[in-house]
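One chain comes next, on its own, written as structure tokens: the form predicted alone.
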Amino acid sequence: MSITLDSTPAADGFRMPGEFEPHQGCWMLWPWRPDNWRDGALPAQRAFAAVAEAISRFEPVTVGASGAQYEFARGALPPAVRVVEMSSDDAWMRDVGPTCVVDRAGGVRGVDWRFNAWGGLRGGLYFPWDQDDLVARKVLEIERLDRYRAPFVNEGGAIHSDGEGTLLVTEQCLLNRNRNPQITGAQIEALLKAYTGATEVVWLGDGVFNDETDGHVDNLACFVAPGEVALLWTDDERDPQHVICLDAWERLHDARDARGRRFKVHRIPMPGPLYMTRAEAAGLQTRAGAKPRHARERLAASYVNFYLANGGVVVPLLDPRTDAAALAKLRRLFPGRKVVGVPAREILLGGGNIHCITQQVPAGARGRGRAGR
């Protein structure tokens, strides 16, 4: 069973681990919304299945699918991937699933952030979002992991941890008034520390240009090891992304992590710029309460949005002009892991990518193996 706790992870000696630390397994959700995934979601479902298959080469994968989609998802996914029935409003497990924390004894617990579809009624992407807000609790019930229900709105993609007390976040997202208008930035930082065990929060400015999550950090920058950050980069000074990347570079250069180290920053080439085509936009259905998507809309494409698995790195393939360079760079950054590219434009069309649709459960003495079969 899963118990809801009244304390905080920091008070109980728990920390948010780095994604490069060992995992029990990975969770995903099955896409279905015809207003977000074109052509009845079939192209996206094929892309999600390819991601699940790639990750399952390295660690157990579980996919939550609605009752209406369960049988189809079971048939479309490899037998090695576990499928469970789970309602959701969309398929962004990174943001609606639990952010797990660990302690020195090997215990694993989960943080259940309050979710408002990236902005609620002040710019959120769809309404209602009540089923998404239940996903983290359901995952923790299945995993039999105790739960902290956070008292503020946050998403898993808005934070990145080095596992040693440092968080990366963006001001554009976490200080946006459509998340927590009733509390100050200082209070948000204190809450982040309480619910992740971090002692140092490094604030970057904006996220990726035109990112509809209001600039999630996981699309812009991430830890590849303690003290080392991968940062999306473009040298094109005419591109609005350039000034964002330069600002992030300067902030990282000036910052120190929780252990007082300077950051080593690795530049990851930006694909594109990429845009939604007319044919892609025509395959979407209009639905009340959901953000419309239009042809020629710039897509927030980034190779930083990868998934670290046990011994592997699953990377979105987005642009034939830059895919090889990005894969080569990531292979140099992760010499001990197998880097696997998966075609991911269909995921990008929905507003995110591989990191956004996945959420790891870290390895631990309690709950070991439950993320798999």
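Note that residue numbering follows the sequence shown and begins at 1. Nothing here was measured: the structure is a model prediction, and the numbers come from that model.
Here the subject shifts to the form predicted in complex with 6-aminohexanamide (KQY), a form of this protein not shown in this document.
Just one of Arg147, Lys138, Arg74, Arg293 comes within 4.5 Å of 6-aminohexanamide (KQY) in the predicted bound form, counting any heavy atom, and that one is Arg293. Out of the listed residues Gly197, Gly157, Pro98, Pro271, Gly157 is the one that sits within 4.5 Å of 6-aminohexanamide (KQY) in the predicted bound form by at least one heavy atom. At a distance of at most 4.5 angstroms from 6-aminohexanamide (KQY) in the predicted bound form, none of the three residues Phe48, Tyr307 and Pro316 contributes a non-hydrogen atom. At the 4.5 Å threshold, heavy atoms of Gly352 reach 6-aminohexanamide (KQY) in the predicted bound form. Shown alone here, Trp118 lies within 4.5 Å of 6-aminohexanamide (KQY) in the predicted bound form, counting heavy atoms only. The shortest heavy atom separation between Leu125 and 6-aminohexanamide (KQY) in the predicted bound form is within 4.5 Å. Although the partner is absent here, Cys356 is a contact residue: one of its heavy atoms lies within 4.5 angstroms of 6-aminohexanamide (KQY) in the predicted bound form. Stretch 211-219 is the contacting one of 247-255, 211-219, 99-107, 278-286, since its residues have non-hydrogen atoms within 4.5 Å of 6-aminohexanamide (KQY) in the predicted bound form. Contacts between stretch 88-116 and 6-aminohexanamide (KQY), counted in the predicted bound form as any heavy atom lying within 4.5 Å, involve Trp92, Arg94, Asp95, listed in sequence order.
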